[in-house]
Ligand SMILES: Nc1ncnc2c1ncn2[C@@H]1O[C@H](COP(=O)(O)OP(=O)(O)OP(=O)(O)O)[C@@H](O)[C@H]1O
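Only one chain comes next, encoded as structure tokens, the form predicted on its own.
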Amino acid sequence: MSVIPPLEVTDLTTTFVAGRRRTEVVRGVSFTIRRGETMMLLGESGSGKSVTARSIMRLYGSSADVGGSVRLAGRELLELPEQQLRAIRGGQIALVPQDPTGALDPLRRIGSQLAEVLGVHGVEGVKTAARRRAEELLAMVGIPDPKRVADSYPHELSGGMRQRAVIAIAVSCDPQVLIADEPTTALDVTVQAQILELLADLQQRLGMAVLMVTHDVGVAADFGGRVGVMYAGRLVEDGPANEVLSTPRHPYTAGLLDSLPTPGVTRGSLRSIIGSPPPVGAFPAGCAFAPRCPQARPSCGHEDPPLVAVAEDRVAACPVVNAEQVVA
């Protein structure tokens, strides 16, 4: 008997609409995350990572047309009316945003905001019990004085504490899927490591499927799981993190890895990917990476290669590299 995965995304497309102008940002993204599994979406700014994550929860409303299929435990989300989606968001699927300060109401205490989420989703409707549960959740995310933090306003907390509070809100209803959108970007390196460790611990304890958006190869390597590399609105490579980040099968992934600082490379000598990503919505014909690719052939400018299996549990969208791998 097959187990239905918590999240199945198939041929996801997102097009922003402003009057008569339509801007395609996400183009045919597909992946599956199983219970307890992590999927990292990795790529440069503008690659469509965050838009993909937020489109899954249909957070753009009428400003975007979202197509394809998003199934949460077998239930199609793209066909649900907004009222039903509100009951699912924050309950069965939750978001940890990039900016915890913007996610928290500056005029309300942390405990009150947590209690509200518990009440809205029917987890705990009694005020005293909700307050007690709020303090338990704050303790669960590693806050040493949960009562004080529950009584605090967001501006009274450090950036790391605010992020922990946002994570507590996200996991308060025991979601099946947790989406973390660049959750460590605004934090210093030490706090980044603590937040990643916390997310990994919560995932193991709660059995959640986690979709994490990051532009940081180091974060993707540290958190592990699967890596889906995005470029110009598409997935160009997908597979186990340790394999993708050690033996890339797409030139863009290889370029990201070559640009990382290493002990043997002097300052100012780092390799970089030539050129710039195409403007959002103005993707070139054929492979979008071809204008920057050192291995591009004439056919790359005409044919947009699909993702194909290149090894067990791995796919990539570069026929040039993969043909060379087969020959080798």
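Each residue number is its position in the shown sequence, starting from 1. Just so we're clear, the structure is a prediction, and the values are computed from it rather than from any experiment.
Note that the form predicted in complex with the ligand isn't included here; everything after this is about it.
**Q** Are all three residues F16, G46 and S50 in contact with the ligand in the predicted complex, where contact means a non-hydrogen atom within 4.5 Å?
**A** Checking in the predicted complex: F16, G46 and S50 are all within 4.5 Å of the ligand.
**Q** So in the predicted complex, is the ligand close enough to I273 to count as touching (4.5 Å, heavy atoms)?
**A** Flag for I273 set to no.
**Q** If you check in the predicted complex, is V25 within 4.5 Å of the ligand, heavy atoms only?
**A** Close contact exists here: in the predicted complex, V25 approaches the ligand to within 4.5 Å, heavy atoms only.
**Q** Whether E182 contacts the ligand in the predicted complex should be assessed with a 4.5 Å heavy atom distance threshold; does it?
**A** Residue-level check for E182: yes, a contact with the ligand.
**Q** Looking in the predicted complex, any heavy atom of Y60 within 4.5 Å of the ligand?
**A** Output for Y60 is yes: heavy atoms within 4.5 Å of the ligand.
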